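Form predicted on its own, single chain, as C-alpha cells, below.
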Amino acid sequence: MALLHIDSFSTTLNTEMELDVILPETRAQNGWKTLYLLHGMGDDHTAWQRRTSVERYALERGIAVIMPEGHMGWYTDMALGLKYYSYIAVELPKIARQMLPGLSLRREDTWIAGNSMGGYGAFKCALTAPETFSQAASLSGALDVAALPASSPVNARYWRDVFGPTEDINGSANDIFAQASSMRASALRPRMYMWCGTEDFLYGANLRYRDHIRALGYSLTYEESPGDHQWKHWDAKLPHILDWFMEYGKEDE
C-alpha cells in the first residue's frame, strides 16, 4: 500500500485542503474501488489513521481510501461559512480522479462512510450526489441535525452558522430525513448501512432514522450492539463495513 499526504487547492473553498489517501500497489482492471471516509466533529483528516487500523483493512481488500479534511463544517454548505458539502460531494471526487488516475470512475465502485458528524455527511452526500456515490455507511451517525442545537453544549451561534435558524432545518437541504423522502422513487437511491451502540447518546436518533429509511423501502442493513461513542467500536466495525461495501452487485452475478 501507498500512503499519500496531499495538499490540494479547492476552488469551492478558496483555500488549500488536506487529505490523506491509501492506495493499493496493484492496479485493478476497472480501477480501484474507492471509499471516501469522513471524520467526526472535533477530529480531522488523520483521525481514522490514528485511531483505527484502516490501512491494514484496505490492504487486505485492495481498495483505495480517501480521507479528506472537513473541519467542523458538518459536510454542508454553511449558512455563514464555507461550502463543505460542495467540496466533498462535487469537487473532491473530480480532484481525486484527476490526480489519481487509478481510481475507478464507476458509481458502483465509489462509496462514502463516516462516524458521528461524518456519518451524517456520508448519508447526505450519498442522498444528494447519488450519481457519484452508490453506497453509504454511518457509524454512530449524528443523523437528526434538527435536534442537535437543543441537545448540544456547543454555543447556539455555531449551529446557526452551520445550518441557519433551527426552525428552518426540517425540510431543508440539510435534513437527511427529507432528502431520503425525496429520493425514494429514484433508481439511484443508495444502498445504506447503519450501526450504533445501544449506550450511545445518538442511539435514539439512529433508531428514528432507521425506521424512516425502512418505511421508504431503501436497501438498509442496520446493526446495533452494546457500546457508546468511542473509536474502539468504530474500529471493530470498519472491516465489516468494508466487506459489506464489496458485496455490492454480487447478488446479481
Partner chain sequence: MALIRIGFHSTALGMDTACDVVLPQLPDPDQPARRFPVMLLLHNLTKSHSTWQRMTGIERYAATRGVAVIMPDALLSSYADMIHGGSYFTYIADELLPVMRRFFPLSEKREETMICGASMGGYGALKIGIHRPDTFGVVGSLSSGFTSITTYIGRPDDRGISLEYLTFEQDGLARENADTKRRILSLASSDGPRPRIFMCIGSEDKILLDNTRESRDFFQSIPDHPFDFTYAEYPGGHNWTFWDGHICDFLAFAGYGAHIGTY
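Positions refer to the first chain, counted from 1. Computed from a predicted structure; not experimentally measured.
Beyond what is shown, the protein has a form predicted together with the partner chain; the following relates to that form.
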Heavy atoms within 4.5 Å of the partner chain in the predicted bound form: which stretch in 148-156, 125-133, 98-106, 68-76 meets that? 68-76
Does the partner chain get within 4.5 angstroms of any non-hydrogen atom of Gly42 in the predicted bound form? yes
4.5 Å heavy atom contact, Glu16 to the partner chain in the predicted bound form: yes
Can you work out whether Asp168 and the partner chain are in contact in the predicted bound form, taking contact to mean some heavy atom pair no more than 4.5 Å apart? no
Contact flag, Gly81 vs the partner chain in the predicted bound form, heavy atom cut 4.5 Å: yes
